[in-house]
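Given next, in structure tokens, is a single chain: the form predicted on its own.
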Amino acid sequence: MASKIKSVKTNKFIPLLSGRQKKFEGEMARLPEMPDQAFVLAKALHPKKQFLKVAEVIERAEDCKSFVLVPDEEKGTKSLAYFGAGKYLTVFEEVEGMKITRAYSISSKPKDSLEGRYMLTIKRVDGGLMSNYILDTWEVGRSVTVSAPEGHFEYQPLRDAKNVICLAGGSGITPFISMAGAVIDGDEDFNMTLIYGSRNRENILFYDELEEINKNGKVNVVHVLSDDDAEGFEKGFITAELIKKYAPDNEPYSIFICGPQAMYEFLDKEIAKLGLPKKYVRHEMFGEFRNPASQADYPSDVPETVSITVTIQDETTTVTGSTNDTVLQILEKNGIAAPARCRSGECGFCHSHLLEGKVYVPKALEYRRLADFKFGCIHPCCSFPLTDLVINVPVAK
């Protein structure tokens, strides 16, 4: 039976899927008219898109800004979807003729969404297409389109310990600012210790806000400086020994991590020394993975460029790109709009069918199910081509 299933050519079903999708969308358009309030609530919490505008721009550092976003009622968004602290928004933009998406953690408190405000804090990234575009072009009054709040990086009482050690680096502080606010407001119920690594005092984002959070008494904030030795600050890097210093004695604790790629690679080795159960270590996605050839398990003799033949519904196109880019990046750079949200392999929104060729997926981003391996499915956002590819990709929405 399995061999027969694998022999079926999925291209034959693509026109059928297109027709069915149109019917589904037509049916969903009538849901708000139904008397069942569950549908109304579902739409309020999980809108396909939210149309917002920039109400305020806050300079955090030379290369970092916070953007306060409010509903754009003229475009149909009357209120904001509520969220759990730690969620992110996917931003939809067209940059240099490319339709692209990026996910950014919400740094405002959940309570603020009920008052019509989100805040995204975005740091400039070297070579970062979207971050540079946003920092250079977003200003008060600018129209912005985002997704509903998404992601799994939030406190879950059935899974996580009552004590949570949050480890942040650089702009990875953003979801923890939201969590700390939720703990202080009483929207979250756990004991939070925040250990925040920065190069020096001047590089600490949200310093004043963190001072106020620390004074409240519900959240313990610890600053770690790698380059400076200053009174009142820990010196060096976030290590297993430092974590144990602030972790509770003889009580279970969870660890939440958010920061740049290099921080994850360092901390994973340190946290392994603590011997915590796997469920107690939570990673926030760190965005797009860069430089796959730096990984120890990356194969040798990979060509510099490859071709990708991609079918979306009944349209097939062949493009070329660098093996240093993900499949998703190659498609976007060639003007092909593909579905994407987290860009870290976690959400599965870009789930596609690999018909021919081989890809490399970094171990830290391998979220595929066993069935995906069996039937040749990949997440283009974290798959790097090793050979020429033939793939089927769903329609971007």
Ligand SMILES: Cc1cc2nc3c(=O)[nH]c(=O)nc-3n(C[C@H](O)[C@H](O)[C@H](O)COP(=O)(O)OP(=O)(O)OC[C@H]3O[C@@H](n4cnc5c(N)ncnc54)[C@H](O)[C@@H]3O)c2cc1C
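Nothing here was measured: the structure is a model prediction, and the numbers come from that model. Numbering starts at 1 and runs along the sequence shown.
Below, we turn to the form predicted in complex with the named molecule, even though it does not appear here.
> Decide whether residue 146 counts as a contact residue for the named molecule in the predicted bound form under a heavy atom distance cut-off of 4.5 Å.
Because no heavy atom of residue 146 falls inside 4.5 Å of the named molecule in the predicted bound form, the answer is no.
> Quick one: is residue 122 in contact with the named molecule in the predicted bound form, heavy atoms, 4.5 Å cut-off?
Yes - in the predicted bound form, heavy atoms of residue 122 and the named molecule come within 4.5 Å of each other.
> Quick one: does residue 102 come within 4.5 Å of the named molecule in the predicted bound form, counting heavy atoms only?
Residue 102: yes, in contact with the named molecule in the predicted bound form.
> Is there any non-hydrogen atom of residue 224 lying within 4.5 Å of the named molecule in the predicted bound form?
Flag for residue 224 set to no.
> Quick one: find which of 42-50, 355-363, 341-349, 66-74 has residues within 4.5 Å of the named molecule in the predicted bound form by heavy atom distance.
Contact criterion met by 341-349 only.
> Though the named molecule is not shown, can you say which of 97, 275, 127, 232 has a heavy atom within 4.5 Å of it in the predicted bound form?
Comparing distances to the named molecule in the predicted bound form, the residue within 4.5 Å is 127.
> Scan 323, 254, 191, 131 and let me know which has any heavy atom within 4.5 Å of the named molecule in the predicted bound form.
Only one option qualifies, and that one is 131.
> Though the partner is not shown here, which residues of 255-274 have a heavy atom within 4.5 Å of the named molecule in the predicted bound form?
Going through 255-274 in order - heavy atoms within 4.5 Å of the named molecule in the predicted bound form - there is one hit, 261.
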